[in-house]
Every structure is written in C-alpha cells, then in structure tokens.
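Only one chain is shown below, in structure tokens, and it's the form predicted alone.
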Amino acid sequence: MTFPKVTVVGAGQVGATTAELLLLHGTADVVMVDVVEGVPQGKALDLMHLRSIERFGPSVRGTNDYSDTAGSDVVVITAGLPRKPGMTRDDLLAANSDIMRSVITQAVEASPEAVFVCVTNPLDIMTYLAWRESGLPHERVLGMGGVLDSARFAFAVAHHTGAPITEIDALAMGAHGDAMVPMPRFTTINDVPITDLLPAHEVDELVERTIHGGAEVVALLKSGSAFYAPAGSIVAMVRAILGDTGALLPSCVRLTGEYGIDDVYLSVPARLGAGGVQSVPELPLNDAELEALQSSARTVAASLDAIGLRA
C-alpha cells in the first residue's frame, strides 16, 4: 500500500509525538528531519520498533538532509527555540525567524508542491514569515494554533461542568497567545451555548483559563512545554488536508478582508483539504466579538510592522 508523505521538521517532543500519531493513525509515511545528528534517526528507529508491536502500515525515517524529504505532500514545521528564562519576546522572535527562514527555504526546494503547516512560536508571525519566504500561495501555508486553543477551551468547560467531552464543541480564534479570543457564544454543550448555561463570571473564568492554558502546562512541568495536545492538533489538520475532507478547523490562515482584517495570519475557522485552505467562511460575530478579533489582529499586525515583514 502506498501512503502519502509527511515531513516533520524538528524531532523534539512535539515533532516526535506528531510522527507517532501520524503512524498510529495510518495517515502517512513520515520523515523526521533535524539539525542534531542522531536524534531523528534514533527516534525514527524507536518508532519502527513500535511498528512491530502496533502493526501500523506507514514507515518513518530520520535524517539531517532535506533531500530525503523530497516530494512530501505536507511539511510540518515544529523547529524552533522555546522561550528560556531571561529571554525577551524579541530575542525569541529573532532566533526563530532565522530558523524559520532556513527551514522554509530548504523544505520548499525539496517539496515545492507541499502544503506547509507551521507550529513554531510566535505562531502568527512565524507563519506569515514562512509564507513570505516561501513564495507559495497563502492557501498552502498555514499554522496550527486554533485547534489547540479550542481544545483547551473544551477541556476547561468539561472540567468545570462535568459534561462529557464528546458533548462539547469549543471555539477559540485570534492570535495564539495572550491576544487569543475564545468565543463562548460559539462554545456549546449539546448544542447549547455556554453563555446560556453558565453565569457570566464563570464564563469569564473559563476564558481566562483557556488563554493561559499553555502557561498552566509549563508551570506544572517546570521544564519544557506541552506536546501531546499540540501534536494531536497538528495531526487533525494534516488528516483533513491529506483526506481532502473540507473539515472546518480553526487554523492560522492569511486573512484577505474576512472579518474586516487584511494581510494578517490569524486563527479562524477554515475549511481544510487538498491544497491547504479551501475557504474561510465568516461566522456571524456580534460587535463585541468582532472588535475583540480585530484587536487581536492589530497586535499581530503591529509586531509584523515592527520587524518590517509587511510591505
């Protein structure tokens, strides 16, 4: 059986867990590429040993050479530095900008027809940078953020109410980080908005927990950051792209007038399928929701303008 090919750039916790889930789901053959010699090779070998137990069909290999990634259908970019103590946001942005430029140049050269899914932080800025550097149509360069943020919102609702997670649909939009915009009116339990089920102060508490969900994980771990849920979010997007499902998933996409926002990458519900982003249907936001989303976009735009990324 022939499988699609997915390259995962970065063999750290997020990248390796993404590879594992892609294999366990039988989604694609995987190539893990990393600058550190031995790490992608060792993790790939470990996963191939797992293959003998789980009996999944696809295979995985590790490499330090982008030529091995040639012909990929999807390229997932997880490479980048985490923010360390004493490192400013500008320090992180500068370091990861250099990494992203190097990665996207090599990956596009090897797989010019691929769809690219960015995960590197700061997400919205790095995804915009990847698009600009790639020279590709913006539909084929998107970022993972909204699926993860929405999953954290769903958990917060489930934890607070005791409702089964299968009955909860949650939505978070906007920038990935403090400027995130959880959407309570579009977050439901058995199709009933939580704004109709919970007092306003409880809804506000759930929104705050969602915004700080990643920091909550980091505080508990004390070293490192989340990787299980980020990897699952990536795989949900990759499966929609490879399966050409048209699934509506909150994704970091370039807006070109939707919601009154232009030339900014931001997480909004988007239909994903072959070729990446197929459409961006606009939700009927009220004035407060629209202003919150546009305010989030302004924070991203200001960062892009400050580093001269936008023309």
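Model, not experiment: these values are computed from the prediction. We number the residues from 1 along the sequence you see.
What comes next is about the form predicted together with a small molecule, which is not displayed.
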Given that the small molecule is not shown alongside this chain, does Ser225 nevertheless sit within 4.5 Å of it in the predicted bound form, heavy atom to heavy atom? yes
Using heavy atoms and a 4.5 Å limit, would one call Ala19 a contact residue for the small molecule in the predicted bound form? no
Wondering, does Thr78 line up within 4.5 Å of the small molecule in the predicted bound form on heavy atoms? yes
Taking any heavy atom pair closer than or equal to 4.5 Å as contact, tell me whether Ser303 reaches the small molecule in the predicted bound form. no
Sole residue of Leu142, Ala172, Val103, Ala175 within 4.5 Å of the small molecule in the predicted bound form, by heavy atom: Val103
Okay, which stretch from 129-137, 154-162, 198-206, 115-123 lines the small molecule in the predicted bound form, with non-hydrogen atoms inside 4.5 Å? 115-123
In the predicted bound form, do Gly146, Val268 and Gln278 all put a heavy atom within 4.5 Å of the small molecule? no
